[in-house]
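First, one chain by itself in structure tokens, the form predicted on its own.
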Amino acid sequence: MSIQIENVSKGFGQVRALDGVSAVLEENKIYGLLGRNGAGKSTLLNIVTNRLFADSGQVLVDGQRVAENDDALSQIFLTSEKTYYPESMKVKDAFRWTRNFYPSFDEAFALRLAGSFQLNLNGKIRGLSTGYASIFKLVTALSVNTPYVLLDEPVLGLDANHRDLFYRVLLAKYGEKPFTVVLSTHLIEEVSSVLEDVVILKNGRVLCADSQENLLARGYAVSGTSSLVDSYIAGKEVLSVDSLGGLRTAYVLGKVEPGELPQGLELSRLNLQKLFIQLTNEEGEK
């Protein structure tokens, strides 16, 4: 049981949004789909859900091609920038209609969750603010009960309290009955605590795809006086160096061998956001 993305490419005129992307999204995992603006994240999610057609390659859901396949597509729910409901429809009516397309939609749960988020059920979709439009889409996504839920910039416009509530509800729902979640977001530091696996896109290609634990084990930071740090990193694969006065921090790919770190240097683990920044910086930005 998985979503298999096989050598998918997509271009828009002279722009190559995706270039031979392959990845496997396994069942019952929470993924982070990360990349800088224009990396191809939204394009990929739209191809997975057949809203866009790939120029080449294919996407399989549980072994079935998604292209023009309603059975396969019914297993996936995607929230994106667009809201695919009539703008004049009320929120409560949109919930009722969703059940016609997703038979497992839990309307009672959606109504309770809407209350927790203070979402006006009688409000029309066109009248929702950016934040409450995101809340409407999140409530729907958390209530459809499909095996695969894809969330493209899910917390756009949400305040800190509502973002915290979303993560707590997501984890509670996942803990009760696991499903596959893909979070495509720029808020890496905030979302890192809920991610199991990570797929990073850079310039339309998969830069890396692994568990967050394995990714973070690939590098480390070492801090100390400039002379000690410079001496230690000589010959190592250095991602970048930050300096402040006479102190320096270097971000290094690789592993520290026992007893290798000289006295006077401090070792720390890279967090996901820092590792992402270092891996996706272009030449001249490091």
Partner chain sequence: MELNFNSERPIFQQIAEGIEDSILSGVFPEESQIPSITEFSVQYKINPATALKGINLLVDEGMIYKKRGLGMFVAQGAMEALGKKRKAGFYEKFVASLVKEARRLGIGKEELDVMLEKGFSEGEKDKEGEVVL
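As the structure is a computational prediction, the values presented were derived from the model and not from experiment. Residue numbers count along the first chain shown, from 1.
Only in words, not in the display: the form predicted in complex with the partner chain, which the text now covers.
**Q** Under a 4.5 angstroms heavy atom criterion, identify the one residue in E196, D106, D93, E81 near the partner chain in the predicted complex.
**A** The residue from E196, D106, D93, E81 that makes the contact is E196.
**Q** Could you spot which one of L111, L171, L207, M89 gets a heavy atom to within 4.5 Å of the partner chain in the predicted complex?
**A** Only one listed residue qualifies here, and that residue is L171.
**Q** Even though the partner chain is not shown here, does D159 get within 4.5 Å of it in the predicted complex, heavy atoms only?
**A** No - in the predicted complex, heavy atoms of D159 and the partner chain never come within 4.5 Å of each other.
**Q** Give a yes or no for D71: in the predicted complex, does one of its heavy atoms lie within 4.5 Å of a heavy atom belonging to the partner chain?
**A** D71: no contact with the partner chain in the predicted complex.
**Q** According to a 4.5 angstroms non-hydrogen atom cut-off, is F101 in contact with the partner chain in the predicted complex?
**A** So F101 does not count as contacting the partner chain.
**Q** Any chance S268 has a heavy atom within 4.5 Å of the partner chain in the predicted complex?
**A** Heavy-atom contact with the partner chain at 4.5 Å: present for S268.
**Q** Taking the partner as it appears in the predicted complex, which of 116-124, 172-180, 147-155, 133-141 has residues with heavy atoms within 4.5 Å of the partner chain?
**A** Stretch 172-180 is the one.
**Q** Please determine whether each residue of D230, Y232 and V256 possesses a non-hydrogen atom within 4.5 angstroms of the partner chain in the predicted complex.
**A** Verified in the predicted complex; spot residues all out of contact, no.
**Q** Using a 4.5 Å cut-off on heavy atoms, which residues of 137-167 contact the partner chain in the predicted complex?
**A** Contacting residues: D164, Y167.
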